[in-house]
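Before any questions on binding or motion, here is one chain by itself as structure tokens, the form predicted on its own.
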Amino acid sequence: MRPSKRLITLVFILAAVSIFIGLTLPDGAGMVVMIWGGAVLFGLVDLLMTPSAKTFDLNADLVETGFTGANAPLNLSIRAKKNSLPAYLEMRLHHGTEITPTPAAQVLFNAPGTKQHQMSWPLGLRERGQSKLTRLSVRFQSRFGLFEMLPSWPLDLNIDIVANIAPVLNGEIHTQMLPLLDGLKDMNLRGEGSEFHQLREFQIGMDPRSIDWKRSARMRNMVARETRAERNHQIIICLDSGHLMGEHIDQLSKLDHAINASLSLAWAGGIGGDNVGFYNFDSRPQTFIPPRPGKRAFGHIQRHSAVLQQDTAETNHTLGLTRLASHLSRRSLVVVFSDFVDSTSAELLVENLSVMTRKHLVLYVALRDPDLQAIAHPDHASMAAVSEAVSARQILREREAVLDKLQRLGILCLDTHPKHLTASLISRYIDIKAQERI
């Protein structure tokens, strides 16, 4: 409990009246005592008529697991055992740094006579790990507004924040993979596959080079060979967890965006019949998970990514990628999630990726920063805005130069906005399989 602005204002007014009475009326001491006594009595009556926090019943419910970048609803129910709820309630949560309530404070307006209020409070999940809600603080005014009541209730609600696998659970990845799995792609595209699938009667419009002349002569009918993409390829997801990957885009770090996309790719690789492995590095090599087929690979990668933490040191691309190359004895699709600031810091990255591309197919994945794009194209003209725009455009030019150099070295590049990362990555994987480039 603390005095409200109304009570402070009232005290100042009474103090001014008391001084005035003391200066003008020599025998006004009794009047001053009566004024202050009335004020104290009014305050006591206000407290007696204000509902106590002990008469409130609070119920809170929170899901046990949530995805990074998503919202988890906190369901609250406040009920007055006696009388009714205050007309105005302001609530705030005490929570871990991984959670961001939206909004930060909830304000409830209750109609006269309201005894119960139920609500859902969205909690933004920003970092992987376990977070906790420890306390709910409430503020409301007394009956006549002289005091602000500040009760609080302890909460013991835990939530495990894991990488976002919503595209896996809702079938989005499987839907993207259907054209490759079920033969919905145009079958007369060159290079769509080299593994024999079946024989079928030749139809007008099919590629004449698919005709099996020996079997056609034997069957005295035009027969074509139908092929499909080979399976059991090897995919290695290579994750840079250095300090540059800690930059936040759309309230998530680049590392979390990369982990979310990596899990979706691992699931797609399992559906596509490929073996998927995982490797991460920062200032030194970290965990290597050997390629496994199917959903077993997804489970191993998911468990490891749940505890993967970002390093504060600079990434050592030479040591990390050299160690990865020593683990690989078979040609693989190596998907590298990493970052760089300028062309100078990217020299070692380019050099080591060019060495790896001699034996493997490398896909380099970079994330665009929309804030940098906005700075490069300011909506107002000022000296500060122009200076920032020049610097931002210089960074963007160097970034484009690095990506162009990688492509000229035969390295595939995917440079996209984080919200389009998963869909773009799966589409690129499907194209690579369809073209038999692994």
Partner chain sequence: MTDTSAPSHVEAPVSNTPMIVVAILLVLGFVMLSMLGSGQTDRQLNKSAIGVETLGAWLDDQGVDNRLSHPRVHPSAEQLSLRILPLYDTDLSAYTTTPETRDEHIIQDDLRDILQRNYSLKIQEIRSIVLMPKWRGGLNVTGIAHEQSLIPIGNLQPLLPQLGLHSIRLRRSGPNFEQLSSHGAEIALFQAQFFDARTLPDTCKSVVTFGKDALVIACKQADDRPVVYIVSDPDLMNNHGLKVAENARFTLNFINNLRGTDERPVYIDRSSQLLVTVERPDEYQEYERGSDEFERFFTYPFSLLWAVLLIVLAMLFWRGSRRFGPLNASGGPSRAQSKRAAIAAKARLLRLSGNDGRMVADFVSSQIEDLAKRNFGHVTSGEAEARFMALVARRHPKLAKEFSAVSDTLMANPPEMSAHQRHRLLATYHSLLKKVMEHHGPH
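Residue numbers count along the first chain shown, from 1. Note that the rigid core is defined as the largest set of C-alphas that superpose within 1.5 Å between two forms. All values derive from a computational prediction rather than experimental measurement.
Absent from the display: the form predicted together with the partner chain. The rest refers to it.
Heavy atoms within 4.5 Å of the partner chain in the predicted complex: which stretch in 282-290, 259-267, 319-327, 91-99 meets that? Heavy atoms within 4.5 Å of the partner chain in the predicted complex occur in 91-99.
Suppose contact means a heavy atom within 4.5 Å; in the predicted complex, does that hold for all of 12, 389 and 397 with the partner chain? Result yes, every residue of the spot touches the partner chain.
Though only this chain appears here, would residue 42 touch the partner chain in the predicted complex if you measure heavy atom gaps against 4.5 Å? Looking in the predicted complex, residue contacts with the partner chain do not include residue 42, since no heavy atom lies within 4.5 Å.
Answer with yes or no whether residue 372 is in contact with the partner chain in the predicted complex, where contact means some heavy atom within 4.5 Å. Taking the distances in the predicted complex, the answer for residue 372 is yes, it comes within 4.5 Å of the partner chain.
So in the predicted complex, does residue 32 come within 4.5 Å of the partner chain, heavy atom to heavy atom? Looking in the predicted complex, residue contacts with the partner chain include residue 32, since a heavy atom lies within 4.5 Å.
Should residue 7 be classed as touching the partner chain in the predicted complex when contacts are defined as heavy atoms within 4.5 Å? Yes.
Looking at 165, 355, 138, 76, which is the one with a non-hydrogen atom within 4.5 Å of the partner chain in the predicted complex? The residue in contact is 138.
Going through 157-176 from first to last, which residues have a non-hydrogen atom within 4.5 Å of the partner chain in the predicted complex? The stretch does not touch the partner at all.
With both forms fit on the core, has residue 430 moved 2 Å or more by CA between this form and the one not shown? After core superposition, the C-alpha of residue 430 moves less than 2 Å between this form and the one not shown.
I want to check residue 394: does it shift between this form and the one not shown by 2 Å or more at the Cα, with the core superposed? Not so; residue 394 is displaced by less than 2 Å.
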